[in-house]
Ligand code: AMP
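Encoded as structure tokens, the following chain is the form predicted on its own, with no partner shown.
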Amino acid sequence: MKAICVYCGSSPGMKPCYAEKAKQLGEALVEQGLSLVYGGSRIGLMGQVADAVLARGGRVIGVLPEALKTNEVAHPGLSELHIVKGMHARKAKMADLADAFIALPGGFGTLDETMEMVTWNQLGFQAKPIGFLNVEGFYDRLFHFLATTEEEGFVKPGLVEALVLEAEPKKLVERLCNDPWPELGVWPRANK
């Protein structure tokens, strides 16, 4: 594994712990020798995780749509910045550059990007680990909803438990790097 894509808010959120965990995640990526792939912004949790990786000498690759270049203010210190036509191109480029995905707390964009990667795994378009950093139970209600989709027959059994849910950044990164992950066509697998 060489790079992990992190999806997160362009806002810092209401609680200081979100920024703290974003920084810890950046540190954990560098400790594992992993590059960060992310949305390219210098603001919100996006900026926090990128700054943490850069401060420790890590590699940060940003992917930013043209339309957001001035709105989100592209991070000036990245190792690499890709400017793409739109959000679909952004998601495809980020997926191409990453070996795994992590969702930090965030809003609609974070959920959209992460769930698309879950769907790509489900359909066999890729087989890449996906984790959620569950800061102070942020994703508890989402995972309750996802369990309901499985119970009601809308999601095949085992797909939800194939997602990695952890509260601590270092443990989440270690699990994504070290837990066995299925090849294409053999999804799902159960968490240990």
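All residue numbers are counted from 1 along the displayed sequence. Everything numeric in this text was worked out from a predicted model, so none of it was measured.
The form predicted in complex with adenosine monophosphate (AMP) is left out here; the points below concern that form.
* Does residue 73 reach adenosine monophosphate (AMP) in the model of the complex if we count a contact as any heavy atom within 4.5 Å? -> It does: once adenosine monophosphate (AMP) is placed as it appears in the model of the complex, residue 73 has a heavy atom within 4.5 Å of it.
* To do: Please run the contact check for residue 13 against adenosine monophosphate (AMP) in the model of the complex: heavy atoms, 4.5 angstroms, yes or no?
  => Flag for residue 13 set to no.
* Report whether the minimum heavy atom distance between residue 41 and adenosine monophosphate (AMP) in the model of the complex is within 4.5 Å. => Yes, residue 41 sits close enough to adenosine monophosphate (AMP) in the model of the complex that at least one of its heavy atoms falls within 4.5 Å.
* Consider residue 107 of the chain shown here, and say whether it contacts adenosine monophosphate (AMP) in the model of the complex, taking contact as heavy atoms within 4.5 Å. => So residue 107 counts as contacting adenosine monophosphate (AMP).
* Asked: Tell me, which of 49, 64, 29, 133 has a heavy atom within 4.5 angstroms of adenosine monophosphate (AMP) in the model of the complex?
  -> Of the candidates 49, 64, 29, 133, 64 is the one lying within 4.5 Å of adenosine monophosphate (AMP) in the model of the complex.
* Asked: Just one of 54, 68, 160, 142 has a heavy atom within 4.5 angstroms of adenosine monophosphate (AMP) in the model of the complex, so which one?
  -> Of 54, 68, 160, 142, the residue with a heavy atom within 4.5 Å of adenosine monophosphate (AMP) in the model of the complex is 68.
* **Segment assignment from 41 to 49, 145 to 153, 160 to 168, 124 to 132: heavy atom within 4.5 Å of adenosine monophosphate (AMP) in the model of the complex** => In the other structure, the partner sits against 41 to 49.
* adenosine monophosphate (AMP) in the model of the complex reached by all of 33, 59 and 174, non-hydrogen atom within 4.5 Å -> Checked in the model of the complex: no contact with adenosine monophosphate (AMP) for any of the three.
* Going by heavy atoms, what in 1 to 25 lies within 4.5 angstroms of adenosine monophosphate (AMP) in the model of the complex? -> Heavy-atom contacts to adenosine monophosphate (AMP) in the model of the complex: 7, 8, 9, 10, 11.
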